[in-house]
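A single chain comes next, written as structure tokens; it is the form predicted on its own.
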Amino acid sequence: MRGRMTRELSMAVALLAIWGFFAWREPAFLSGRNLSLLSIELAITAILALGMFLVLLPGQIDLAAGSGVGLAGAVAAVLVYFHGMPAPVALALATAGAVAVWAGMGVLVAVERVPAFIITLGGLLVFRGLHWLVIDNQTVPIVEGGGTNAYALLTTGYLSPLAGWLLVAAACAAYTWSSLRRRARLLRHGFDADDAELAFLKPFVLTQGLALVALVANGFRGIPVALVILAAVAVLVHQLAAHTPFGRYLYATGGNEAAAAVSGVPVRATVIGAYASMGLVVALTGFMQTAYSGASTTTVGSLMELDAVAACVIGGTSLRGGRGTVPGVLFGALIMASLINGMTLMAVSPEAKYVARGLVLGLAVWLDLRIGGSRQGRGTAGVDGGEW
């Protein structure tokens, strides 16, 4: 518990320090336009990190995610631009291909026992090469003539102010109803639950936070569609990890694979399912990153897998598996996105950006080892902070 509190406090202090520094150096950092761009960049980073979270939970890794992001976006862009395929069809085909490929890597890891590090490192090289072959080392726009389609709207679309407020109201109402319903169910069965004051504060704080997001976003163009997609993915991943048997299998497999297998957990199917889910997330991230760039280029997706791993580890997900939460991943992604956005706003050189990202990744892994080491012999934290 002390380790969790220390990590959460450290994350909050780090985020405030990052925002304070960039706001001091570049006042435009807190402008409505930049915060809107930051939310889109956050959505792209966080969605990939949520997929990485599902892979890390059972104790695996995916180093091919960034290359897959570039390849998925390139396939869809080529189908739309050169073959005139409707954007939704192109996106669906690229998604199906990504899910199939990542499920295949899951089979190699779970059934053939090929180390995940090796198979995904090979995938990194293969997918990067295929990406460059697909676009023929050129720049392929995602839509002809600079117009818009379903592909481009992933990162250029915004909700109207009214639609944004209605969405916020619906989200707050749904969370409040779900929270109260869960509390009532726990009390009815004699389990510990939040007291009345905390039960009120959680929905209240969430409502204030979402209202602030809507207020700031409506000061520019409105809530970005990318942010809505992130919210949907985050809710789905949270429900999958926290409230389904598959999620419990992920935590159990990462906590102790041998014990999980003896207990009847379908370890192989769990790992394959985690990688198949990652394929779906890689495709979605690829479309969003390519749409944000406006075209598929040879640099799309470069090193994004490292940002995703860093976001997960900063947020408390263990590289050993068995520990992590969706809110933690989102917070870690916010730190990474803020760091990259601020450095871009300050026109920091690419070399310095790589150094900063590498240092953050190294610090995050060191923190994971320190906290993970202090937990040895006491079990592995599950989804709600309990012990397996």
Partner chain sequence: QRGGGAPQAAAGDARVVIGLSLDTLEEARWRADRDIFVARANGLGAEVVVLAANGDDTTQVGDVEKLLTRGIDVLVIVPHDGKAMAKAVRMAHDAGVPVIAYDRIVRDSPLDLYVSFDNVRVGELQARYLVDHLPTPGRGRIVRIYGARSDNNAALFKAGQDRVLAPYLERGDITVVHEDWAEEWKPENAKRIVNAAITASGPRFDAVLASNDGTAGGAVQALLEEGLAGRVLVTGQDAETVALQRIAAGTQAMTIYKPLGSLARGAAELAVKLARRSVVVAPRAVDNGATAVPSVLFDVVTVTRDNLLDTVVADGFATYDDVYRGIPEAARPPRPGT
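Residue numbers count along the first chain shown, from 1. All values reported here derive from a predicted model rather than from experimental measurement. If you superpose the two forms and keep the largest set of C-alpha atoms that fall within 1.5 Å, you have the rigid core.
Quick note: we don't show the form predicted together with its partner chain, though the next part is all about it.
Chemist: When the contact criterion is heavy atoms within 4.5 Å, does Asp136 count as touching its partner chain in the predicted bound form?
Modeler: Output for Asp136 is yes: heavy atoms within 4.5 Å of its partner chain.
Chemist: Would you classify Thr156 as touching its partner chain in the predicted bound form, given a 4.5 Å non-hydrogen atom cut-off?
Modeler: Yes.
Chemist: Considering non-hydrogen atoms and a 4.5 Å limit, does its partner chain approach Leu37 in the predicted bound form?
Modeler: Contact check for Leu37: yes, within 4.5 Å of its partner chain in the predicted bound form.
Chemist: Does the 4.5 Å heavy atom contact test between Lys202 and its partner chain in the predicted bound form come out positive?
Modeler: Although its partner chain is absent here, Lys202 would stay clear of it in the predicted bound form, with no heavy atoms inside 4.5 Å.
Chemist: Which one, Pro161, Gly294, Pro86, Gly104, lies within 4.5 Å of its partner chain in the predicted bound form by heavy atoms?
Modeler: Residue within 4.5 Å of the partner: Gly294.
Chemist: Pick from 225 to 233, 286 to 294, 194 to 202, 87 to 95: which stretch has non-hydrogen atoms within 4.5 Å of its partner chain in the predicted bound form?
Modeler: Contact criterion met by 286 to 294 only.
Chemist: Listed by sequence position, which residues of 13 to 29 have a non-hydrogen atom within 4.5 angstroms of its partner chain in the predicted bound form?
Modeler: Going through 13 to 29 in order - heavy atoms within 4.5 Å of its partner chain in the predicted bound form - the hits are Glu26, Ala28.
Chemist: Once the core is superposed between the shown form and the other one, does Arg357 show a C-alpha displacement of at least 2 Å?
Modeler: Yes.
Chemist: Rigid core fitted, then: does Val348 show a CA shift of 2 angstroms or greater between the shown form and the other one?
Modeler: Val348: C-alpha displaced by 2 Å or more between the shown form and the other one.
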